[in-house]
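For reference, the chain that follows is the form predicted on its own, supplied as structure tokens.
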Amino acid sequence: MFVYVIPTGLLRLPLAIFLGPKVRDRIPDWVITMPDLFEYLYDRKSKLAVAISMIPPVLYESALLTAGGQVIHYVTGVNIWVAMAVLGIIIVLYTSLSGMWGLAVTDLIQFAVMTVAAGFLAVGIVTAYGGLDEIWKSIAAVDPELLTPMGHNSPLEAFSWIIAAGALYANSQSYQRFGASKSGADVKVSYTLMLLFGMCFSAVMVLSGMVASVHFADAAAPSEGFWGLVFTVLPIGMRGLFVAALLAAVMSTVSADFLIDSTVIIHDIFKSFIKKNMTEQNVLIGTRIVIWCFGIGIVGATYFWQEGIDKAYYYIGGFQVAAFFIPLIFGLTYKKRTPLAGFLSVVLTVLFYFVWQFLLGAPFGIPTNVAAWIFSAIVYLIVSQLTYKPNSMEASEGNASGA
């Protein structure tokens, strides 16, 4: 609650109030994807670097698919591999056939289901366990550390969770949705409301996890304890709604990322750098083929995330946020940005992330995303100072607009 839900919700407000409307109202309409945005802010080298860097994080979808398969497995008893394969095929089918409009419609329905289900779960927990005071007492009797603002986190770990707010700033879905909005005013209203509902949903999930860890401490796995809680506090009809809500959360994220990453490969890499004369029909066919390839690959990659999605979020999501956050925010707000600063900030931070995390093992207890942000900012500011020339970015933007 105190190191993630509340601070990240507040820190994301500037994206909804200032940056989102700015991107919608001031950025040219030809800017469709995040690599397009980097081309507009910097140059085509930066676009290619970002496009390539966006592909590996698609592995995170395999962790989400694992979570969805576990939901189906626990509820129905169906073999978990069969459940993940069926769920993956369903997502691929409607994503490849419907495109962005279909995702917009399904996202709206899924968001409504998630919100209603979370509300019922919160009421069910408070009612079943005698109110919040009784819940706090039961948690304090087993693990009082959970009721402190820091929980079991060190100051650096807490800070690492807090700056996870940057994930939304570096999320390609955000910028494509900004471009699809009618105006900056629509972005401001819709994203502010989305953040509010998102905080409420996350708060309910945290509360559920705390209660499950106490009242279902003997469960074989945390996920089993969570579902034990759900089936204890919710009546039959609401249980089904909550199962649908969790599947909706998985499907919404996976389908959007399938479409976006497929668009990156075909639109931002293949058409922009390899076959520039591709027709729109060929782009559509190519995007559908890549979506299917992703779907098959992701179902197979679920093998690596049987321990849960937290490691996938930390490693894969953290890598993308660390590489994109600084050049994105500085590119939209810093007057002395330069093409080389944007390019080197992305490329060197990707390399730094893997060295710091996997070769050095996050030394000195400094979380990798914290170290990567510091490194990225230093690289960006030094290169900008060394290469900045007055009016250079204005000329660059003019060339990009002409292209």
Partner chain sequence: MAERNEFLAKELTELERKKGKIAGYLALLVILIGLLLGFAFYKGMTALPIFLAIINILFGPVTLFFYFREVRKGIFKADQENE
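Because the structure is a prediction, the values reported are computed rather than measured. Numbering follows the first chain given and starts at 1.
If you look for the form predicted together with the partner chain, you will not find it shown, but the lines that follow are about it.
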Notebook entry, point to check: in the predicted complex, which of the stretches 80-88, 276-284, 326-334, 190-198 has residues with heavy atoms within 4.5 Å of the partner chain?
Noted result: 190-198
Notebook entry, point to check: Looking in the predicted complex, is the partner chain within 4.5 angstroms of a heavy atom from every one of A256, I260 and V321?
Noted result: no
Check: Using a 4.5 Å cut on heavy atoms, which of V123, I289, L93, A244 is close to the partner chain in the predicted complex?
Finding: V123
Next item on the list: Identify which of C293, A185, A141, A217 has a heavy atom within 4.5 Å of the partner chain in the predicted complex; exactly one of them does.
Entry: A185
Checklist line | 4.5 Å heavy atom contact, V211 to the partner chain in the predicted complex | finding: no
Checklist line | in the predicted complex, P149 touching the partner chain (heavy atom, 4.5 Å) | finding: yes
Notebook entry, point to check: So, in the predicted complex, is Y4 in contact with the partner chain at a 4.5 angstroms heavy atom limit?
Noted result: no
Margin query: Check G119 for me: does it contact the partner chain in the predicted complex (non-hydrogen atoms, 4.5 angstroms)?
Written below: yes
Check: Even though the chain is shown alone, can you say which residues of 9-24 have a heavy atom within 4.5 Å of the partner chain in the predicted complex?
Finding: G9, L10, L13, I17
